[in-house]
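Next comes just one chain, in structure tokens: the form predicted on its own.
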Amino acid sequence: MNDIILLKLGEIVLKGLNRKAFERKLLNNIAFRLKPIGNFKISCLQSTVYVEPQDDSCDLEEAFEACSKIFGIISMTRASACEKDKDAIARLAIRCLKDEMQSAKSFKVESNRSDKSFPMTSIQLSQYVGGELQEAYPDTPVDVHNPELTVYVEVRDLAAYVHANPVPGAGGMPVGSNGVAVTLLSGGIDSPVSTYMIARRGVRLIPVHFFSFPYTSEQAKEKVVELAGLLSAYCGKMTIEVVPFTHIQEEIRDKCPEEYFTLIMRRFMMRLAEKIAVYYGAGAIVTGENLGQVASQTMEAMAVTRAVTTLPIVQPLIGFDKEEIVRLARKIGTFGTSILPYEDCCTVFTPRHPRTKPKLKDVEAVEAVLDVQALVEEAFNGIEQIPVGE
């Protein structure tokens, strides 16, 4: 008999009449993620998703790792299987939970019978298995009110299952359940983290990367593709929109005062992000901005930047300090790639003394020398698309 994986639903359980839609999205995401790993039956019952291998070719360890990165799951555990017999269940619990029972200060057993033909009630089964465990591990007392360890027994159609000590899941909401957004993805530390955070809220993401060859190298673009690939374990498959940005930056350099370079560059980024968002029906733009971190991320500078778009600008990192961002980047596995020494377009033509408290009318006046519409159309028409996570 094959072991199974049990996934506990997170915030979805708080939903009302639309709960089923969120559950369907989660089950579809799980099925998509596990399809390359093996043939699994995936079902949901009483706020728990059951992932059951259908043949011996299924890699349960790899499936467990994949499920740990799926948003919408608050906790997960691997359950051991046996025949539907009270003595077989007790023997399985004694054998499989040896370490947990020896280290716990107290325990109890909770049983659930989805197979109502099983001859014992849930309470009777819990009492029987609990008694056998107590006899096998006499130093671990039963505490039905506040146990350190809870042993779970489930009697289902094909087998009985024993499990304990669930580990935390990825949390959040299923990707795709809360709309679509464009996310600005550079090669730095911040933007992959902001992308992860908004995906965790159930948003499907379209990464946009601004590429300024030859000022930035092909290795810089490959670095972003690698980052997107790492994020796809959480976000699902994505297509990176690589925007050719060289001509825009050269026009800004040649025709605008140096102190406005970064501000005008970011305004072009917002225009192009909005154009891509409208094309794909996305409802927001996600950025990795962090208040006060650099000159372009003051309140005044961000107000000037977002003035060119009517879409909501989502800034998940706005109140974080750098150490918090780095800690999260390490957790999701993007930090090592983010610190590779390949520059992105934000470091091209960096002003020596950037404006930190710009006025919108001044920026618009400086920008008036540029053919904004033509530059945006040229860049949009030259976009390269790179799929990741398929």
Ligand code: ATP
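Sequential numbering from 1, following the sequence displayed. Small disclaimer: the values here were computed from a predicted structure and weren't measured.
Below, we refer to the form predicted together with adenosine-5'-triphosphate, which is not included among the displayed structures.
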{"query": "Segment that reaches adenosine-5'-triphosphate in the predicted bound form - one of 76-84, 115-123, 141-149, 189-197, heavy atoms within 4.5 Å", "finding": "189-197"}
{"query": "Candidate from 294, 136, 158, 233 lying within 4.5 Å of adenosine-5'-triphosphate in the predicted bound form - any heavy atom", "finding": "294"}
{"query": "Listed residue that, although adenosine-5'-triphosphate is not shown, lies within 4.5 Å of it in the predicted bound form (heavy atoms), from 252, 109, 162, 269", "finding": "269"}
{"query": "4.5 Å heavy atom contact, residue 282 to adenosine-5'-triphosphate in the predicted bound form", "finding": "no"}
{"query": "Residue contact check: residue 185 to adenosine-5'-triphosphate in the predicted bound form, 4.5 Å heavy atom", "finding": "yes"}
{"query": "4.5 Å heavy atom contact, residue 238 to adenosine-5'-triphosphate in the predicted bound form", "finding": "no"}
{"query": "4.5 angstroms heavy atom contact with adenosine-5'-triphosphate in the predicted bound form for residue 210", "finding": "yes"}
